[in-house]
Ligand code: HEM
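Take a look at this single chain in structure tokens; it is the form predicted on its own.
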């Protein structure tokens, strides 16, 4: 079996493929041109261990064999390759320390009124479009809410927000092919780079109260971020700051519609929302896989040799449906406890935006169910289309009847 995560059949329903991998090929090795052998991990224990295994590094340069970022890589692409998410050790701690203060539970709670206001505004849009028979959850609601919030935090102008999403959506599709894909999609990549550099230049010349301005002025151990490091941080935070929530809302609402008993429970008792969001993060998997790890040394796992320098890809969507870790793993249960899902990772690279995504998800889903007591699909379930990027799992659109 050759794994093709972006094949249409797998995009529609990846879970039979993941089940096959867990049972028969838990270290699935694939050769990818210009990248080499990639080992895909699908079992819960293996994926969770990969987040904290000292034999694995986030950045290729941390392997220690002198083969870091390819020398032929254009310098303009380095902000996408050399960032906080691919940094290890002291370099990672330095970058994370500069930005994590903006994502503490206290700071996120201070955003609650802003999030609620955006949610109500977008619910009005949904209601208007529903009256015309064309309500669509992703475009009308699931995308605008988190995109507006993270963009305002970062100081991105409203007229630039949708353009950024379009560019990053294409970027993730190209990234499925690795660095060669980004090079081949040069036009899109150049536009995205120009957007990021423009944000840095504007905030350096006219700083404000936003996070980008704060990053440009912040110091850690007497050092400031370079312009490329700030550009990389803008890209990472804007991307991660809305993609998880877009797909949590889209996939989550679809999962509730697929399980009317669980939907009825949540509608009747909105206080169940905390557990419901955790279960939707596990069951609906807004993110399919995390950034790759790189082997610092050669070791064996389930009878397969992973050699020094090779790439290891943890499939969190497969791990979150592993029956070894979760009873009735393929069933949605909004009262599930405990729920040790891996949607936000583990360890030192645990997702900084997790508190924000959780708050947005809880407020948005409860508000949606409160405003519209009756929700159903406007098209047959089989006609729904999924986005192509294998890193995430998200719907292109979700037409609803409200």
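Positions refer to the first chain, counted from 1. These numbers come from a predicted model, not from an experiment.
Omitted from view is the form predicted together with ligand HEM, to which the following refers.
None of 248, 256, 317, 230 but one reaches within 4.5 angstroms of ligand HEM in the predicted complex through a heavy atom, and that residue is 248. This chain lacks the partner; the member of 170, 148, 92, 191 within 4.5 angstroms of ligand HEM in the predicted complex by a non-hydrogen atom is 92. Taken together, the three residues 174, 311 and 313 all stay farther than 4.5 Å from ligand HEM in the predicted complex, as judged by their closest heavy atom. Using a 4.5 angstroms threshold between heavy atoms, residue 348 counts as touching ligand HEM in the predicted complex. In the predicted complex, ligand HEM sits within 4.5 Å of a heavy atom belonging to residue 240. Interface residue remark: residue 203 is not counted as part of the site for ligand HEM in the predicted complex, having no heavy atom within 4.5 Å. In the predicted complex, ligand HEM sits beyond 4.5 Å of every heavy atom of residue 102.
Remark: of stretches 326-334, 296-304, 232-240, 262-270, the one touching ligand HEM in the predicted complex is 232-240 (heavy atom within 4.5 Å). Contacts with ligand HEM in the predicted complex, taken as any heavy atom within 4.5 Å, map within 263-296 to 281, 286, 287, 290, 291, 293.
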